[in-house]
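Quick heads-up: it's one chain on its own, the form predicted on its own, in structure tokens.
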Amino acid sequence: MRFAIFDKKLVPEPLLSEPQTTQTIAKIGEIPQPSRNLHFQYCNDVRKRLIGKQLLLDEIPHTLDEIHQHYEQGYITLRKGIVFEKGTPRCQRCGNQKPHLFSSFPCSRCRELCTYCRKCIMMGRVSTCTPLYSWSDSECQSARETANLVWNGTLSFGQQVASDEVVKAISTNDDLLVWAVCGAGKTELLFEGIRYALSLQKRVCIATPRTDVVQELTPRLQAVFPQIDVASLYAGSPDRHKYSPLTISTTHQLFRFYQAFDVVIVDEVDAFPYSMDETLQYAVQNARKERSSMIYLSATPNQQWQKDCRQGKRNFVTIPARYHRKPLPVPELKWCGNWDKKLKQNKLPPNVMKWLKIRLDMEKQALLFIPKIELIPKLLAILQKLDSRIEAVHAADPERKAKVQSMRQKDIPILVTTTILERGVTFPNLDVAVLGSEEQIFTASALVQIAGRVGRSAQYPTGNITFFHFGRTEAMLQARKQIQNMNAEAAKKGMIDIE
């Protein structure tokens, strides 16, 4: 779309009453913003759809005339979708600045060769002629909502310390890393901080890289804050246009938000794809208000963050123990020889087979992590001779959810899996092995998460975690050291029971 500037206001070309000089919004210097007319009767639906958002015109189910009227009265702001810095394009929605992730096409709307961002095109096309529409402030003047916390649980000592730090960070608009071991109960320690923020009429977002975590967290948060209508955002979500003081969202959906939240809680900050994608990190930062707090949750912060914590450059709190006060199971490192060569001979290393047979004899469930999907057919051919109920799962498996549920119902004794199950799943009584733990995909972070599947239940707080390898790696040693360090810190603080 092209715009004219008339009477110090932008006017979309389709709404011009007479011919005017027009240009794309990317070529306009400073975009004029009319002052707010407090006597104007704005449309509440427009406000709820745009408050704290940055949307394309095609995403707003109102006429151009109505949207422009709100702009003229000072209630809607327009920002450039694409800006150029020294001739290089940058997407204002996702922050992409990589030249190869931009392209051009002959645009019928602006009648020019239009540059657009390929990085976030799955959210709708941002180009040099498409503005991003927002409400002119991020405060929703709706009725005050009560934020009573309905939860009868008790926090452990470590959870309580972290909960107090979360409340403190929210009260002072500071950032905080909660470095908590797998199974520490990170969700519960957030409850008081969320309640505190909501009581101050602050808007809270919990962002996580994965849809299944959003779908799991939504009913839990709705149950403890029953008077809040929680918004749940993921691809295809019916809540896409819902305004709520408490939003649970995938990090991808935050591309549509702009200076919306007073508190952003980023779960699994170390997880793929968030940890590897600068545009997702940009989206999270873009969604927070200028004065706000950011709470990061991680069991496995990257090496730089760990270094920053040690050097006092990052505000953090640790929970080095699980709520059941038992030490974290420490991985055993076992050499198994050239397992890949064995597998090509339709065999497994003897110590791996022995480990698996012991679990079957004990009737104790197990996960066997593998580095590549391609290994599954050969592995199943071998393992199903031991027990026909053994199954395998991977990210593209259409029966993934059903198999995980069968595992929970104890219908599957051993589940072979890629790293898709390294986090986000809990089975109460479990042993875990990694085959080929020297492979590059098994980073220190991944191995700590995999080890964290063991001993999560208070009823079964122990278990075996074994890394079968064809040569030790730094990642294996780092993972074991991190777990040992957490146990040592927990013991020193009196947070685990030493027998």
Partner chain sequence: MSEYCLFCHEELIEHISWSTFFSKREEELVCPSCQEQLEEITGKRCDICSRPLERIDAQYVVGTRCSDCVRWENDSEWQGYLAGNLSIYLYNDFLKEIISQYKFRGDYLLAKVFAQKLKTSIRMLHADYLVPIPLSTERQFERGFNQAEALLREAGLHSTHLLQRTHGEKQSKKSREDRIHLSQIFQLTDSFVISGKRILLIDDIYTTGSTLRHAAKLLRKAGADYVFALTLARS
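Positions refer to the first chain, counted from 1. This one's a predicted model, so the numbers in the text were calculated from it and none came from an experiment.
Beyond the structure shown, there is the form predicted in complex with its partner chain, which is absent from this document and is the topic of what follows.
Participant: Can you pick out, from 385, 291, 86, 100, the residue that has a heavy atom within 4.5 Å of its partner chain in the predicted complex?
Facilitator: Exactly one residue meets the criterion: 100.
Participant: Name the residue from 107, 376, 155, 221 that puts a heavy atom within 4.5 Å of its partner chain in the predicted complex.
Facilitator: By the 4.5 Å criterion, the partner-contacting residue is 107.
Participant: Heavy atoms within 4.5 Å of its partner chain in the predicted complex: which stretch among 71 to 79, 120 to 128, 292 to 300, 208 to 216?
Facilitator: Among the candidates, contact is made by 120 to 128.
Participant: Does its partner chain come within 4.5 Å of any heavy atom of residue 274 in the predicted complex?
Facilitator: Output for residue 274 is no: heavy atoms all beyond 4.5 Å of its partner chain.
Participant: Would residue 30 show up as a contact with its partner chain in the predicted complex if we use heavy atoms at 4.5 Å?
Facilitator: Because no heavy atom of residue 30 falls inside 4.5 Å of its partner chain in the predicted complex, the answer is no.
Participant: Wondering, does residue 339 line up within 4.5 Å of its partner chain in the predicted complex on heavy atoms?
Facilitator: Result no; residue 339 lies far from its partner chain in the predicted complex.
Participant: Considering only heavy atoms, tell me if residue 58 and its partner chain come within 4.5 Å of each other in the predicted complex.
Facilitator: Residue 58: contacts its partner chain in the predicted complex.
Participant: What residues of 375 to 397, in sequence order, lie within 4.5 Å of its partner chain in the predicted complex by heavy atom?
Facilitator: Result: empty, none.
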